[in-house]
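Listed next as structure tokens is one chain, alone, in the form predicted on its own.
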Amino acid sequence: MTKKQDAVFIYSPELLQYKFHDQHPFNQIRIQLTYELLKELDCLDDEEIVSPRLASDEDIALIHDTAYIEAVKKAGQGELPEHIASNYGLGTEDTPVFSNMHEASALMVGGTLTAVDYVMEGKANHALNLGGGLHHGFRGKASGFCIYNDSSIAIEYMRKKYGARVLYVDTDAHHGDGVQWAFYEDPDVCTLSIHETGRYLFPGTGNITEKGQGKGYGFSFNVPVDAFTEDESWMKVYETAIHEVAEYFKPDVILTQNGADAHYYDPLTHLSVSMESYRFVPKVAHELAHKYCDGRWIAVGGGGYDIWRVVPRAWALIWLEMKQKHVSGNLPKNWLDRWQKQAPLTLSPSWEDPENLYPAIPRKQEITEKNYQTLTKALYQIRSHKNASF
């Protein structure tokens, strides 16, 4: 009998084929940067690396309309007229058409499904697919750099194949809208999204009032935090929310989306999180997976647009948490030397950010208090339910 692994790392150089164009902010070279950083650390063994499978049309159709899948195929072959493509959210500034986009997108989905099968079949406690986390894709429309929504497909796959109750936790700076709406009426899927308020940021949703509907009412949670939120408040909101939601829902498996775009350096968002939060987020998810799910934890990537200074460090920390390895101090010199030649800015030399990462934020107390009030409102139903049961 094969020994159960602690964790598996889904990776293939082919994942880099999901590429819009050279100037587009979504750049999957960040997966390669992370992979090589972990290899340089000697923290990623060959037997822990698993190639992603290609998702079938049947897999993708668990969430997406078949007409949309056909449109993506045609677009990738240059056979979809522009006016039809726009109806499907394709060919936009955010989600431009690129060659073989269906095949590249199906591989990303297959990577997350590979991670699911390893965990749900008991071959590994944890699995990481940094190519996944494309949480804005809708049933019949691409959105926000996302063509197929691998997380939604993976959740529906777990529901159908394994009968699992799934807790989806999204800490991308952008609201996990596509996943939320896919399961808005499903009481066996609980979504928790902690994100920058949609007042100034795409997609503009994720209010505390979005709680689910029908049988799914009470299983959708959103904590929209204020712009310029810092580590202390971000970590407090996250820790409190995920603990209370997990206790309330009692999942069979946890799927975390680990966008790294809440960091101060990120060019597309307005938050002030540092690497301290990216060490903390997977640590808490790991603990809760063992508390409620016999260790079953699947993690995917997501946003993150400072691909040089932020994403490799943040994503490497997820794997290192899965392996229970602690790192601090300087990054490997070989890795820094190799990638500095390509990077358009100076790479961060250490795992930690400098203490003076950004100027003091004058509204810190006001922001912290507002986030706490938002958190209290978001968790009101859980807390009132808990008090009523005593």
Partner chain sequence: MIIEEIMNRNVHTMYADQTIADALTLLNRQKIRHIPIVNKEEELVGIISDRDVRDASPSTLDLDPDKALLDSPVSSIMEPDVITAHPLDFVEEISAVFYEQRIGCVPIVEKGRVVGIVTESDMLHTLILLTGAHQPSSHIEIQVENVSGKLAEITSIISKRKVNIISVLVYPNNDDKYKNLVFRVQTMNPMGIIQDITDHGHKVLWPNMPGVTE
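Residue numbers count along the first chain shown, from 1. Here the structure is a predicted model, which is why all the values come from computation and not from measurement.
Keep in mind that the form predicted in complex with the partner chain is not shown, yet the notes after this line are about it.
Give me the residue from Lys236, His243, His270, Lys250 that has a heavy atom within 4.5 Å of the partner chain in the predicted complex.
Checking each option against the partner chain in the predicted complex, the one that comes within 4.5 Å is His270.
Only one of His136, Arg296, His195, His263 gets a heavy atom within 4.5 Å of the partner chain in the predicted complex. Which one?
The residue from His136, Arg296, His195, His263 that makes the contact is His136.
Contact test, all of Glu82, His174 and Ala227, partner the partner chain in the predicted complex, heavy atom 4.5 Å
The answer is yes; Glu82, His174 and Ala227 each reach the partner chain.
So, Asp94 and the partner chain: in the predicted complex, are they within 4.5 Å at any heavy atom pair?
Yes, Asp94 is a contact residue.
Is Leu320 close to the partner chain in the predicted complex, meaning a heavy atom pair under 4.5 Å apart or at it?
Taking the distances in the predicted complex, the answer for Leu320 is no, it never comes within 4.5 Å of the partner chain.
Spell out, yes or no, whether the shortest heavy atom distance between Pro362 and the partner chain in the predicted complex is within 4.5 Å.
Judged by the heavy-atom cut-off of 4.5 Å, Pro362 is in contact with the partner chain in the predicted complex.
Does the partner chain come within 4.5 Å of any heavy atom of Tyr217 in the predicted complex?
No, no contact at 4.5 Å.
Spot the stretch among 152 to 160, 174 to 182, 281 to 289, 309 to 317 with residues whose non-hydrogen atoms come within 4.5 Å of the partner chain in the predicted complex.
Looking at the partner contacts, the answer comes out as 174 to 182.
Going by heavy atoms, what in 132 to 151 lies within 4.5 angstroms of the partner chain in the predicted complex?
Read in sequence order, the residues that approach the partner chain (within 4.5 Å, in the predicted complex) are His136, Phe138, Lys141, Ser143, Gly144, Phe145.
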